[in-house]
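There is one chain below, alone, in structure tokens, taken in the form predicted alone.
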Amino acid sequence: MTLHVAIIGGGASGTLAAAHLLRRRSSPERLRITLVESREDVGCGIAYSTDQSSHLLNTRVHNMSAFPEEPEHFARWLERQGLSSGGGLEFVPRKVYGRYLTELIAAEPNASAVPRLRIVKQECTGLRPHEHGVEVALSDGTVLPSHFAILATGYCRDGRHEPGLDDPWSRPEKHDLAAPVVLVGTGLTMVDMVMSLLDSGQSGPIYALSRRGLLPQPHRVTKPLKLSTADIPIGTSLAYMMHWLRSTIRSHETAGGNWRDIIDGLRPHTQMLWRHLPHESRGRFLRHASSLWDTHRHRMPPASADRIADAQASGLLRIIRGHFQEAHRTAHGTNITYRPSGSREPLVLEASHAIDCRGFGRLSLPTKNRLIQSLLDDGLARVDTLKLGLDFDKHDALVDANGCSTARVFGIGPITRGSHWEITAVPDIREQAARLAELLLGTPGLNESAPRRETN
């Protein structure tokens, strides 16, 4: 039997899923993969399609291998490209990582007559699972038959954004460099936009606005504390968990350690923590603690941190704590209305333009993503209770409107955030890709029957 897997989405998640399936196949004749992606730059996605050298990975090279069982895979690829400096704190441009991902699924020079992977540059508009497989509907009206489908749609960007704010990845190429610019949000997207503005020679003030004014913490050399599940209060309330985390960090720092050692030591356990966190505590975490967690968990490279600090010291970059209210375009630019923290009176910032740097929030419905909306309309999927993405079971199988796991459709990457929370970084997605490949292919050889249908 030749197993045919359709992967919907050709960004980092879809590419890693394809790479793990290809690596675990027993022979080319026993596996076919079709990757469906309407964008031209297959393999990069939004995260790694930037062409700016100052947009760096926020994870060290030695943690960015596509394959967890081969941690030096990316480092060796860099060496072959003549790009590795061999430093222990190496953060390479994201566009370089995009090239690495693209090469993972590139055709081999001496490939067999059986194609290892086919790329269909179209939009997937719907899926129809049945007993023996999945029919994948394409935008040209054709239908692609497959045995399994993997949803790798990323954050489901649907083109919807705050009126008056520019999309960070399609912002105006030219503007008055002496005019003010407002960045709404102070996370890693803001860091990228500041790097771009500095590279372009921005001399006017850059205002970065967020509710708490928190910046991503810089990376430093760490020694992750080895934690077992017995050390962590899994299944407790958010309040108890946060109390344990703060006291553990205090004790560690008193002994001469660094808070980063604790956060990094928690990394292998964060998905389990999320799964066992009571639902009410998950909601409270998203409302009150997620921004604080993100600034400590998702850090910026030292080089970026230095440039941010210099821009702040010179007065070029100004961090504002306040609540964004609205953006209004004028004949001369954009006005941002916000309420400063601790004040009831709104203020207005005048700028040449304003960029939405708040990242990706909840899945808003109806969505312009035709595939996701089709799955919801047909009852083949449901939004997870916190509206972070679609609902998936513990095996990453799609859960339908009745709460049953779909035996033929799976998810990978940010679309599964509701189940895993920490599933946006490569070290987490590659583990998920390995599990999916194991499930669909089996070891050794192919698993020729569909995974068992479960009730969620």
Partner chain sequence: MLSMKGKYGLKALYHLAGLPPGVMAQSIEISEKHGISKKFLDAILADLRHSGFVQTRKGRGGGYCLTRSPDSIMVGHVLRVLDGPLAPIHCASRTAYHRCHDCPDENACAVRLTMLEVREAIAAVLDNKSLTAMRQMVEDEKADLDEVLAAS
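Residue numbers count along the first chain shown, from 1. Just so we're clear, the structure is a prediction, and the values are computed from it rather than from any experiment.
What comes next is about the form predicted together with its partner chain, which does not appear here.
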Q. With the partner absent here, would Ile46, Thr59 and His62 each sit within 4.5 Å of its partner chain in the model of the complex, counting heavy atoms only?
A. no
Q) Which of these stretches, 96-104, 349-357, 275-283, 211-219, has heavy atoms within 4.5 Å of its partner chain in the model of the complex? A) 275-283
Q) Among the candidate residues Lys226, Arg80, His130, Lys174, which is the single one with a non-hydrogen atom no more than 4.5 Å from its partner chain in the model of the complex? A) Lys226
Q: May I ask you to choose, among Ile232, Ile372, Met195, Val120, the residue with a heavy atom within 4.5 Å of its partner chain in the model of the complex?
A: Ile232
Q.
Against its partner chain in the model of the complex, would Thr236 count as a contact residue? Criterion: heavy atoms within 4.5 Å.
A. yes
Q) Going by a heavy atom distance of 4.5 Å, is Trp169 a contact of its partner chain in the model of the complex? A) no
Q) Wondering, does Thr334 line up within 4.5 Å of its partner chain in the model of the complex on heavy atoms? A) no
(Q) Test of understanding: in the model of the complex, would Gln271 fall inside 4.5 Å of its partner chain by heavy atoms? (A) no
Q.
For the stretch 239-261, I need every residue with any heavy atom inside 4.5 Å of its partner chain in the model of the complex, listed N to C.
A. Tyr240, Trp244, Thr248
